[in-house]
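To begin, one chain is listed below as structure tokens, in the form predicted alone.
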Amino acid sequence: MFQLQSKHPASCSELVGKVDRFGGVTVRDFPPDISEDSFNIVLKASLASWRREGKIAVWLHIPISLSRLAAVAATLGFTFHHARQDQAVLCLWMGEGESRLPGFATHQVGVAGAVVDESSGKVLVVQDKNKTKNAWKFPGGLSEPGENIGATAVREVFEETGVRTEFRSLLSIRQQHNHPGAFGMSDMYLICRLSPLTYDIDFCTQECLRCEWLELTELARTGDTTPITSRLAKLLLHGLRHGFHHIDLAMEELPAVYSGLFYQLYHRRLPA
């Protein structure tokens, strides 16, 4: 919030922000008609006050409609931290020594669902459209913010194939750096085991070239697939023959140290 002094329009009060538990200040509210000169005066005064109070960092959440203010902040030492949709976040370290501010997210999370029909020994696979190689793979896509990986797998499988499923376990995690599809960042690719609730295929023709229930034995030996899909097909065959408890990383929801929050823990089940 700003409060402009009526007698001296060029003289503004200081920025009002929310102090976090680390001693930083976050500012989210800016008058839509403030000029760059007025903002420069306000920001300088605010920084002086926050330094006197011992604050160690400042975060400015600037809407895209006021992007001109970012240039003003840059002259006072602010740098871009990240941007999301209609907002850019700038930061300034004011503590001692080098900045200890955390970086923004360095990974994207992709999730695929291996839908296994235990009665037939078949698994649901797709071939992506517009790929250089039409390889069989498990349907999947990127996890959305705040979405559990099991929910991502179920959602993506339904969107791509029309088959409804139920989450069973986590099977594998692949980490890859400098991923071309992640703007040069790192990529985490997780494959979940799902059970089918429906079986009729109605695949998305915009994303998929083909979609089939394929024998796991065929998927494990065919050359028309990716290395990770082939490896997971062998793993699923082992689970089908000897029990999925040998390969599953089951999910358990536990309370977090932050009051009212929970997290999901994936691990092999302990013996009874």
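This is a predicted model, so every value here is computed, not measured. Numbers for residues come from their place in the sequence shown, where the first is 1. Note that the rigid core is defined as the largest set of C-alphas that superpose within 1.5 Å between two forms.
Another form, the form predicted in complex with another copy of the chain, is not on view; read the next lines as being about it.
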- prompt: Counting only heavy atoms and a 4.5 Å cutoff, which of 115-123, 69-77, 193-201, 160-168 contacts another copy of the chain in the model of the complex?
  reply: 69-77
message: Using a 4.5 angstroms cut-off on non-hydrogen atoms, would Gly243 count as touching another copy of the chain in the model of the complex?
response: no
message: Can you work out whether Trp50 and another copy of the chain are in contact in the model of the complex, taking contact to mean some heavy atom pair no more than 4.5 Å apart?
response: no
message: in the model of the complex, is there a heavy atom of another copy of the chain that lies within 4.5 Å of any heavy atom of Lys18, even though the partner is absent here?
response: no
message: Using a 4.5 angstroms cut-off on non-hydrogen atoms, would Trp213 count as touching another copy of the chain in the model of the complex?
response: no
- request: For the stretch 74-111, return the residues whose heavy atoms include at least one within 4.5 Å of another copy of the chain in the model of the complex, in the order they occur.
  value: Ala74, Phe78, Thr79, Phe80, His81, His82, Ala83, Arg84, Gln85, Asp86, Gln87, Ala88, Leu90, Pro102, Gly103, Phe104, Ala105, Thr106, His107, Gln108, Val109
query: After a core superposition, would you say Val72 shifts its C-alpha by at least 2 Å between this form and the one not shown?
result: yes
message: Could you check, with the core superposed, whether the Cα atom of Arg100 shifts 2 Å or more between this form and the one not shown?
response: yes
